[in-house]
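Shown below, as structure tokens, is a lone chain in the form predicted alone; questions about how it binds or moves come after it.
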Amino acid sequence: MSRTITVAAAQLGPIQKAEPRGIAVDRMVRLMERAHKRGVELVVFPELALTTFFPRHYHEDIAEADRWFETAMPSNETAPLFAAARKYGIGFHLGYAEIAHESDDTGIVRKRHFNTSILVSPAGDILLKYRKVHLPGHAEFAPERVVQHLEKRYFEVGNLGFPVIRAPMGGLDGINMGMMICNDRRWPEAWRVLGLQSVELVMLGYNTPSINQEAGGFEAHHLRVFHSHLSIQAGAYQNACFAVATAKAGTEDGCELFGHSIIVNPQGEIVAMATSWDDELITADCNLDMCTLGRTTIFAFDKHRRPEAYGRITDQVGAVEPPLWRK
């Protein structure tokens, strides 16, 4: 009998700056109810699913941004999501901004800020937590930009690595599950660390604008979606896993987010894709036995990887020019 789980990417339309968390939570609960009617066993919500994508808004006093963050999970405002999980017997993935009081690298306990996601069981238990590693954007106000991208201002680099957990989900006794967030999907190192833990299902959320707001050069609009899908499809194929990639979509605070949530199989094929810029549920039956082919043949890591040749990947950060050839 195949190891199959029915998953859903629960895309969210825009959440405006003035909207309270309760509105977003109500929308997500309705999506979970819809998922239950379709027989879904695991729902994946986007990055920063409880609020607008607030890093586009500048606060001179960083503490003023704390209102966008969660200090507990579940909280009074997010409790309905956990109640819905228990009511419908559905697990879920949730992205949010997290405040944690914990020690830093120097051992000092302080208030810390992370772009975080969690995996919650159908019983409402938090099974796994991940904090975003690859933070894009900048830390200071950039006057030349029409829209700011201040993730480096409001978040610290994630300190949990790329963990994978084997846990029951749906009707299966154990699935190897991992997470990443938004920009992480563009970095093959993130996928490979998960792949080296035999991940079978990767969940990720994103809030990606339809145009390149960095203004560092021309990028055709259609390439924004192409590059996103390319990264996810390549990551799933090269690590023989399924991926559920869920977006925020539509015009949020005057900024267009491109949506196009997808579910991808271990062959790198898109098996489901959102077609709207609104709240939308896309589903797929994922036969996890499909992971076996890739990881026992072309991507049989134990047979074919050559770590001794990959030193630059961990020893070096920036690119280094090769020496000029001379006869």
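When you see a residue number, it is the position in the sequence shown, counting from 1. Bear in mind the structure is a predicted one, so any value in this text is a computation, not a measurement.
What follows is about the form predicted in complex with a small molecule, which we do not show.
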item: In the predicted bound form, segment of 131-139, 75-83, 94-102, 195-203 with a heavy atom within 4.5 Å of the small molecule; value: 131-139
item: In the predicted bound form, Glu47 touching the small molecule (heavy atom, 4.5 Å); value: yes
item: 4.5 Å heavy atom contact, Arg112 and the small molecule in the predicted bound form; value: no
item: Contact flag, Trp68 vs the small molecule in the predicted bound form, heavy atom cut 4.5 Å; value: no
item: Asn207, heavy atom within 4.5 angstroms of the small molecule in the predicted bound form; value: yes
item: Residue (of Ser121, Gln233, Asn176, Asn183) lying close to the small molecule in the predicted bound form, criterion heavy atoms within 4.5 Å; value: Asn183
